[in-house]
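As structure tokens, one chain now follows by itself in the form predicted on its own.
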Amino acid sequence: MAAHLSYGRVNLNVLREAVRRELREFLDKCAGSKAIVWDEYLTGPFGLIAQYSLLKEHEVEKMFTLKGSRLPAADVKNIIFFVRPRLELMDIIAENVLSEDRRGPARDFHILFVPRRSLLCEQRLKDLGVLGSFIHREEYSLDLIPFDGDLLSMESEGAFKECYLESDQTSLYHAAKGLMTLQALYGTIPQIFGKGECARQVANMMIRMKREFTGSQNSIFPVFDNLLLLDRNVDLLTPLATQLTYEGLIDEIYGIQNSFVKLPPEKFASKKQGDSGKDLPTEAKKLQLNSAEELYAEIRDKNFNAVGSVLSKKAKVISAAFEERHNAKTVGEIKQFVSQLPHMQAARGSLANHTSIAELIKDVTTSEDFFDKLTVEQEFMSGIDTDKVNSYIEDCIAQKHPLIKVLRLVCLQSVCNSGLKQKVLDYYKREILQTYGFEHILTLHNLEKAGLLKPQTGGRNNYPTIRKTLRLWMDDVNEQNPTDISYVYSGYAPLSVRLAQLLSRPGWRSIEEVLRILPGPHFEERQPLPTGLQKKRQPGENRITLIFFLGGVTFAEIAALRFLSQLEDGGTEYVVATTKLMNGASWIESLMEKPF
């Protein structure tokens, strides 16, 4: 059991166990010893639901990464390919199968598509003459993966681009399937709210799927009260800004992949190694970050400026606990101290790690360039000088700063001005293409198509209206003891989270005007429950809302939702689901066209 998945109001271990059971059943179909050939992208998400020990129990003896030419030698009866349904991967699989040594003992081939089988892929395997070699061709519907007690992700890296640039609804179908799986495990969700074109489509798919399965009545008492479906393009602003929570900054600077982060090893070397100057570790330090670690659960969602004081308090508490050993006189007292020792040592190790991470982050956040960039971002978000060429952005281009950084800032300015004046936009485009290369014209086209970088139409800037009505900019933010969600960006309240907050009270009727300005329809659907399953809420009991971000979500938004869940009089607790955990850099990168 993964204890950290069951600490919240919704026990996500139920979902984890269901997907583990499905995996075990498939492995048992392939009798005998097995080797798994992995599509490398899947190893991270799979690691969150099944460790190697589970695979070993089901006779998995070897694991390889999928790559061209021959498969490595392995004395096993079954070779199973775990892959996403992508045509380019089918070519590699065919190469593997065709180069199999016929002289050796015959091995059985199987293929498991994650999360869906694809007719196109099977046709490609048929064209390449290998489809008949596979005994089992099945799908493993791993749609939503539990990351934490209140967090689920599909980890579909292309979802935003597919939905908004290519009009490909595959990931929306997977989202709807994932939500149907959740309803099968946790009961029908009585109310669905949504904002945006993709949200509308997902809701329609869910309602259609429910109609198709009318025979089986869901008799589980509903755990969730509401579902809120939100399109990422309703709030393009939030991911572009630099996140200022502890977890958000770790992700911005080092990138968190499937709840693991890789950090420079020098900071984590023991004192002895550091003093001798030799034998310094060269391999990146890999740490898992989730709420199973007590200290991380406490500081992850704080504004980074509030983290230092928590760490120093913790250090005092831990050293005082270790000092207790001098006071232990009797055998009973010594025994009690020894029994607490493993927990205390784990706490000390955890503190050392997070102190090192905080030092690494502080080196970045105290730099002059970080401060200059943040100042420009905050000026844009509070509505200062969004309509003319920005001198800091000009300098960044002239000094050839990383292109992603420049694109993030230009897109932020565009979004905060409801599009740029044509001559400002043309100037930025010309400067970027002349400095970074003309191949990036395709990337600029993608950003324009996604609505991130566009000319202002109708000559009107709607952002000030949205900012004032939704109170997106707060001047006096208390970062140490926050009273509002704007602490996660030191002044800017994420638009997406503000929409969720206002839906919970007083309801969206109060902001009809703004909802009309924001892209896409807003809607409400009710799903009738069988009699006897209607929920009667106890006085003081919070509603549980599942909020699904279609197109990705940032750690700062998750922190803001956790803040709302913890409010004494909030009335609502949130569980977050998304197509992908992302930040501004990974988001812009997913929209960039790779030059040939």
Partner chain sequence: MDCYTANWNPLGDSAFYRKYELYSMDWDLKEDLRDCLVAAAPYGGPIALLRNPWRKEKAASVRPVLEIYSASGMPLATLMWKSGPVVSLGWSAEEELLCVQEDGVVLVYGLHGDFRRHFSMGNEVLQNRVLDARIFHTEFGSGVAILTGAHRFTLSANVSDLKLRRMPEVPGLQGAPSCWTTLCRDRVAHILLAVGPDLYLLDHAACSPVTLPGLAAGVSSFLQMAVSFTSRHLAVFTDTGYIWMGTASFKEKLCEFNCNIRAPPKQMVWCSRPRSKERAVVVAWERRLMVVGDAPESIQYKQLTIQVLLDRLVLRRLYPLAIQICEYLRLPEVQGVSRILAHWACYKVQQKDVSDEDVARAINQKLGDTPGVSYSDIAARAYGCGRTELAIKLLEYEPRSGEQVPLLLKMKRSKLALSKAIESGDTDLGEQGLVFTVLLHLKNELNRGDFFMTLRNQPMALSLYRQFCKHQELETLKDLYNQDDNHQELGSFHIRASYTTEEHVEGRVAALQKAAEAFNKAKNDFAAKATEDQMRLLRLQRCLEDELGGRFLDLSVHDTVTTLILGGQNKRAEQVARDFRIPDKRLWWLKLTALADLEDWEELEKFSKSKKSPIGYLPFVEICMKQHNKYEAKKYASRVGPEQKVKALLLVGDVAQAADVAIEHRNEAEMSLVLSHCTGATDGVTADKIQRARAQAQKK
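Just so it is clear, the model here is predicted, and its values are computed rather than measured. Positions refer to the first chain, counted from 1.
Just so you know, the form predicted in complex with its partner chain exists too; it's not on screen, but the next bit is about it.
With a 4.5 Å cutoff on heavy atoms, Lys285 does not count as touching its partner chain in the model of the complex; it lies far away. The shortest heavy atom separation between Tyr173 and its partner chain in the model of the complex is within 4.5 Å.
With a 4.5 Å cutoff on heavy atoms, Asp426 counts as touching its partner chain in the model of the complex. Residue contact with its partner chain in the model of the complex: Lys335 places no heavy atom within 4.5 Å of it. Three-residue candidate spot Ile384, Leu472 and His522; no residue lies within 4.5 angstroms of its partner chain in the model of the complex by any non-hydrogen atom. When its partner chain is considered in the model of the complex, only one residue from Ile318, Leu403, Met205, Leu360 comes within 4.5 Å through any heavy atom, namely Met205. Contact with its partner chain in the model of the complex, defined as a heavy atom within 4.5 Å, holds for exactly one of Glu100, Glu294, Asp75, Asp395, namely Asp395. Residues with any non-hydrogen atom within 4.5 angstroms of its partner chain in the model of the complex fall in just one of 250-258, 327-335, 310-318, 159-167: 159-167.
With contact defined as any non-hydrogen atom lying within 4.5 angstroms of its partner chain in the model of the complex, the contacting residues in 424-445 are Asp426, Tyr427, Lys429, Arg430, Glu431, Leu433, Gln434, Thr435, Tyr436, Gly437, Phe438, Glu439, Ile441, Leu442, His445, given in sequence order.
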